[in-house]
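One chain follows as structure tokens, the form predicted alone.
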Amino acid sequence: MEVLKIKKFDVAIIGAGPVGLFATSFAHLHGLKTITFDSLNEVGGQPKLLYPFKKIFDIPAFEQITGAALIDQLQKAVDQQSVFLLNHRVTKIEKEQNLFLIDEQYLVKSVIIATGTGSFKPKKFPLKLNAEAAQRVHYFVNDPASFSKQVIGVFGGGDSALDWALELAAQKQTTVKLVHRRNEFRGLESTVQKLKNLKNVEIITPYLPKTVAIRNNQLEIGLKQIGSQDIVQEQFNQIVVAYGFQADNSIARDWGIELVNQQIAVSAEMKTNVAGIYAIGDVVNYPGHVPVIGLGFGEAQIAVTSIIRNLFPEKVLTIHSTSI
């Protein structure tokens, strides 16, 4: 039987989205030894995966910044000695006196939960795909240039679908076909208008995918018109599916943490009902909370400051980074 080596840290941060990344850098700024977990195989959370090209206008010090650029800036601020454990979904937290044992291997003095809307996975394309077809179906767009000179289908009607369609349409000699089950879109009307004005974009509504096959080295999808039995066949080199994500924070309840509407109840110091466990960002619930990234940055500072005061009550705490 393998004996696991216990690794010790001052604080474990669960979630490596923008708020988790900032919490990591701020904790290091104040001398805390941290480990940061994320269930995905890369840092960045939703801004990196769902809207990397979208411009964000409410981040302090930036007039505007894309999701991908924001994550790049946050990564630059993270200390090189920071420990990240990616592609690891934390499943077990046990309290041992005043310490926490995470997944039977990591012993920490405090925990910050920064999971946003929770561990999330994409809603899958609703048709059965063989191996060849599955290789042509994507749920993220990391490199738009790799789709150039192709016919690309984008399925969905929210901001992610619209943003990806717009970015893909900007690639050389690329044709984009945007397929949605309604005539109206959930995303920004301004983005819809931009797409309608592009000659290489075709909007196909209201249709749902009903059949899928590989023909002539193309992904052929039968689209059924809503309210009709008519099916039209469309061929694509590849498709991007943006049907949204299934999020889940319920595992926090297994750790004894109080949830309110699937969010974590916290105090003014970002403390949960379990002493030593804090929560920040979109995962939290308190009166007046606003789910914006900038507010999450402030909550990270509050949580880290509270942790330092609890762990090192004898220490004279330097609040302002300009004094460090």
Ligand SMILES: Cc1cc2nc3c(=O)[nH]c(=O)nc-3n(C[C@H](O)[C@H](O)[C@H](O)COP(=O)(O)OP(=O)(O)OC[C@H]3O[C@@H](n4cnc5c(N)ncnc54)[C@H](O)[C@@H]3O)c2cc1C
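All residue numbers are counted from 1 along the displayed sequence. Take the two forms, find the largest set of C-alpha atoms that superpose within 1.5 Å, and that set is the rigid core. If you're wondering where the values come from, they're calculated on a predicted model, not measured in any experiment.
Here the subject shifts to the form predicted together with the named molecule, a form of this protein not shown in this document.
Among heavy atoms of Gly116, some come within 4.5 Å of the named molecule in the model of the complex. By the criterion of a heavy atom within 4.5 Å, Pro291 is counted among the residues contacting the named molecule in the model of the complex. Contact check for Ile308: no non-hydrogen atom falls within 4.5 Å of the named molecule in the model of the complex. For the chain shown alone, Glu269 is not a contact residue for the named molecule in the model of the complex, no non-hydrogen atom being within 4.5 angstroms. Scanning Leu166, Ile152, Val141, Val90 against the named molecule in the model of the complex with a 4.5 Å heavy atom cut-off leaves one residue, Val90.
A heavy atom within 4.5 Å of the named molecule in the model of the complex is found for exactly one of Ala265, Ile35, Ile56, Ala69: Ile56.
Listed stretches are 23-31, 271-279, 256-264, 36-44; the contact stretch with the named molecule in the model of the complex is 36-44, by a heavy atom cutoff of 4.5 Å. Contacts between 14-39 and the named molecule, taken as any heavy atom within 4.5 Å in the model of the complex, involve Ile14, Gly15, Ala16, Gly17, Pro18, Val19, Gly20, Phe37, Asp38, Ser39. Core-aligned CA deviation for Leu188 between the shown form and the other one: 2 Å or greater.
Wider separation of the C-alpha atoms of Leu86 and Val240, by 3 angstroms or more, is seen in the model of the complex than in the present form. CA of His289 to CA of Leu188: closer by 3 Å or more in the model of the complex than in the shown form.
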